[in-house]
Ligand code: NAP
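Just one chain is shown here, as structure tokens, and it is the form predicted alone.
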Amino acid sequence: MGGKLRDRVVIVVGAGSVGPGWGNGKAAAVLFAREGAKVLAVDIDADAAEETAGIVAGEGGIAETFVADVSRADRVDAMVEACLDRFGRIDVLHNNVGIVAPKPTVEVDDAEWDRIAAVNLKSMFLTCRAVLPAMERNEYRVDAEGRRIGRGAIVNISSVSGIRWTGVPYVTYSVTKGAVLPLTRSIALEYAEKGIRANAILPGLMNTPMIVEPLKEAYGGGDVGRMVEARDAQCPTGYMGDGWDVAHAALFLASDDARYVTGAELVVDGGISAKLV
């Protein structure tokens, strides 16, 4: 157990995993708890949220669950109320929801566009909007040098697909994840003087449970092993990252180690966005 988030209350949205293994949100929730946070593990899948909370409890940490479709404002408001009722405050919001559907632009219908925009983008707006008043009520912390340290931190998960082509046509994912960046930047600048930081993480090609079903056809003709090989080959490192790489970046941005970091876009991609081709 560490102490970077000792006595902090963290909401992790998308804290479950869609399949066996470690997704970004699941890894982040467990890592935050290991660093002393009290975690509200939020997911649309009750079993997935309970699995994450069970891991935390098994390690001696504190985590409770809340089931919500965070594209709905009423459920987001209920999530915030539940966190305040259970823990009394909100110090960190970690937004990790996202769905991907590879498809050529002309094959995307209105309903699919609206669904992915609601999950990937609207949910982040709704959760940020809902937690900001609670964060404003937090007291400043004071460091050993007498400087005030902020009242809250927001960490939003975007994607390098929001700033570059990654080899697969998924306009819905690229557009919605790209829009997370100005959303985060706007909140960061609006709330900087109020002691609330907001930053975004841009994962690259990651090996998480989320990629298996939607991407195995696009990359590997239905073969998961071939998909992994193809994605590994795209990365300058020769291999994809995983949920823990994103979780450690999120821990940095959520903690006082990043007390002077806001409005930033932290790329976690093994160098892929630096490639020209």
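For every residue, the number given is its place in the sequence shown, counted from 1. Predicted, not measured: the structure shown is a model, and the values here were computed from it.
FYI, the form predicted together with the named molecule isn't displayed, but the following is about it.
Q: Can you tell me whether residue 184 touches the named molecule? I mean in the predicted complex, with a 4.5 angstroms heavy atom cut-off.
A: No - in the predicted complex, heavy atoms of residue 184 and the named molecule never come within 4.5 Å of each other.
Q: Give a yes or no for residue 134: in the predicted complex, does one of its heavy atoms lie within 4.5 Å of a heavy atom belonging to the named molecule?
A: Taking the distances in the predicted complex, the answer for residue 134 is no, it never comes within 4.5 Å of the named molecule.
Q: Residue 65 versus the named molecule, in the predicted complex: is there a non-hydrogen atom within 4.5 Å?
A: Residue 65 lies outside the contact set for the named molecule.
Q: Since only the chain is shown here, I'm wondering whether residue 97 would be in contact with the named molecule in the predicted complex (any heavy atom pair within 4.5 Å).
A: Looking in the predicted complex, residue contacts with the named molecule include residue 97, since a heavy atom lies within 4.5 Å.
Q: Which one of 227, 48, 251, 56 is close to the named molecule in the predicted complex, taking close to mean a heavy atom within 4.5 Å?
A: Of the candidates 227, 48, 251, 56, 48 is the one lying within 4.5 Å of the named molecule in the predicted complex.
Q: Based on heavy atom distances of 4.5 Å or less, which listed stretch (84 to 92, 106 to 114, 189 to 197, 156 to 164) is in contact with the named molecule in the predicted complex?
A: Of the options given, it is 156 to 164.
Q: Listed by sequence position, which residues of 174 to 192 have a non-hydrogen atom within 4.5 angstroms of the named molecule in the predicted complex?
A: Counting only heavy atoms within 4.5 Å of the named molecule in the predicted complex, the single contacting residue of 174 to 192 is 177.
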